[in-house]
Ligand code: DGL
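The chain below stands alone and is given in structure tokens; this is the form predicted on its own.
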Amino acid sequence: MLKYESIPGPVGIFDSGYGGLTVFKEIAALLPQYDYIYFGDNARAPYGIRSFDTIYKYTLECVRHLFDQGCHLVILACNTASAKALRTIQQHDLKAFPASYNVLGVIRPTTEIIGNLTSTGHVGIMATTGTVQSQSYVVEIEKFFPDVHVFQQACPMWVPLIENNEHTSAGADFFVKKYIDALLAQSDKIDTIVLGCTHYPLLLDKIREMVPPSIKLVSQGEIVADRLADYLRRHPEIETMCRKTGQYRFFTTETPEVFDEKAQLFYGKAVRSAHFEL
């Protein structure tokens, strides 16, 4: 690892699958000058149904791979990995690496601002079962906005619908409405809903049709991109380790042809990936 300490490298973007591409798209739009590696552990997805220990093990393996590729900064563009692995990696595993290495997630940037977006103080979280069970949003929002009430709803059918390209079909309407109704039944004061999975922006139009127009819908991509730009401004010791030639590379533990076909749905443009065996 030490051979990379003084050599700038790309920014690593990690997700268990494809959803992190919605975050990467916004990061690249705001900060196009940096080099990036996107790494999807698609062969072992979904992470949301797995145990804490398994998610931590898988995430750490992928972070180490990105460090080995020269990345000094890795973004966990996955709510499940951010909820169940980030804290342990930051507090324990990063000690084995030089100070110029760091790992960030997508939950904290969202929770840092969510209290500024709600007028009623009632916020809804729609996420995977794993993220909801972790209570990460509840804990993090409590730190920044202790007066905000948080209501969570797991949406286990949404990711399969999206990854099978069924999310725009009429058949998807039942499951979209089912989970929205279940969330809003918890409080009639909810005025802000966080889409707490990076897949969910692809359902944004359907969700908008099914919630009252007064409710704000919060996607994470733009928030994470903005907070990353701020982080790099505040941490020049890491920013200088981020190479700036505008090169983007994509890796997957799945078959590249399969990844490339589905990735375009999330990224908005064609990608060419390479296979990596963990």
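In this text, residue numbers run from 1 along the sequence as written. Here the structure is a predicted model, which means the values were calculated and not measured.
There is another form of the same protein, the form predicted together with ligand DGL; it is not shown, and what comes next is about it.
Partner contacts here mean any heavy atom within 4.5 Å of ligand DGL in the predicted complex, and among 74-82, 170-178, 185-193, 96-104 they occur only in 74-82. Residue contact with ligand DGL in the predicted complex: G40 places no heavy atom within 4.5 Å of it. Heavy atoms of P46 reach within 4.5 Å of ligand DGL in the predicted complex, making it an interface residue.
Among residues of the shown chain, I207 is not one whose heavy atoms approach ligand DGL to within 4.5 Å in the predicted complex.
Interface membership of V159, defined by any non-hydrogen atom within 4.5 Å of ligand DGL in the predicted complex, is confirmed. Taking ligand DGL as positioned in the predicted complex, none of the residues of 223-259 brings a heavy atom within 4.5 Å of it.
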